[in-house]
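First comes one chain, alone, set out as structure tokens in the form predicted on its own.
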């Protein structure tokens, strides 16, 4: 398998009053193209911070982060923006949709930012993805006219429309009921299997954990052991 994400002894400290708090304390982790994995741990364990490192939203205090062969700390702001736009897709627990735009326009937005496709090409890709997530009948609806599960489906389509190699999902089922949460995870699993898109979740939801192929436990800013479900051995990612 091809390596797509690598973290080498990554630390992250944040100021809190007169002291510095360690959010990550020397994380080593490798993810491979096509993985369907979850960072699992309690609130405050470092899950979101780690996703921010991989998502080029924040930079490590020390250590190195590589995303699809690019070392994040060596990139300019313009290069980081390009990396996020072309290589990464994001799914949030609060959906982060634009309420003034309808479903079609929300999904189209990353393609407009990329500026590479003609209007006809954008229409084909957007319509195809909206159909794929089962929302063709709601294309002209705005987010406030949709259920939570429908809004998360819009988020998935938006995350995938730019054909990213990696999708990062921060607690994607947190605001969904149990049935809808399972449907959303199964939809992402189907996309993972058909398109070989790499998915990494942060979660403490057992529904997500039961459906991923690899569980990466994190606590107090440390990853101690990564478990590949169904395999005889485990991959240790921290000494």
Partner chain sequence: MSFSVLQLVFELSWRSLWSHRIKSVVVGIIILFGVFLLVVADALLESANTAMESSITSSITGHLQVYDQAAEDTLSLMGIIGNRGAKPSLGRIANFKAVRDVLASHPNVSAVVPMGADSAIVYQGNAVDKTLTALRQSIKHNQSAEKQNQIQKLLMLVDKLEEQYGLTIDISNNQEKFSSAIEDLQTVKTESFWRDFEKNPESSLQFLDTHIAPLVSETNPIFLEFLATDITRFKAAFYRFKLVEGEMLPEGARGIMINHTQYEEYLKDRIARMFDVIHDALHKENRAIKTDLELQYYIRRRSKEYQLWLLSLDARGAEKMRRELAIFIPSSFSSSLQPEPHSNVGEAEDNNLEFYLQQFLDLNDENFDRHYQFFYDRIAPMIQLYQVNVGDLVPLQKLGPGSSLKAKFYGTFQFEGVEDSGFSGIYNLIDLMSFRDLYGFMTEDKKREMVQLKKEFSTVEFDRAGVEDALFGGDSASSIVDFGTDDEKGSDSDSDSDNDSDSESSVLVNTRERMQVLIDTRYTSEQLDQGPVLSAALVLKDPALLKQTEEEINQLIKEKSLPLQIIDWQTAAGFVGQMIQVMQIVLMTFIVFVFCISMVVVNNAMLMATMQRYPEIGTLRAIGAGRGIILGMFFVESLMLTLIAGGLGALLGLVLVQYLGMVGIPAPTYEFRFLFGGEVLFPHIDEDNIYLGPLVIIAVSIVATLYPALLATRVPPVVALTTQE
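Numbering follows the first chain given and starts at 1. Keep in mind it's a predicted model, so treat the numbers as computed, not measured.
The form predicted together with its partner chain is left out here; the points below concern that form.
Among the residues 125, 142, 165, 132, the one placing a heavy atom within 4.5 Å of its partner chain in the model of the complex is 142.
Contact with its partner chain in the model of the complex, defined as a heavy atom within 4.5 Å, is made by none of 21, 24 and 67.
Although the partner is absent here, residue 105 is a contact residue: one of its heavy atoms lies within 4.5 angstroms of its partner chain in the model of the complex. Although the partner is absent here, residue 57 sits close enough that one of its heavy atoms falls within 4.5 Å of its partner chain in the model of the complex. Although the partner is absent here, residue 52 sits close enough that one of its heavy atoms falls within 4.5 Å of its partner chain in the model of the complex. Using a 4.5 Å cutoff between non-hydrogen atoms, residue 137 does not count as a contact of its partner chain in the model of the complex. The single residue of 59 to 80 lying near its partner chain in the model of the complex is 77, the criterion being any heavy atom within 4.5 Å.
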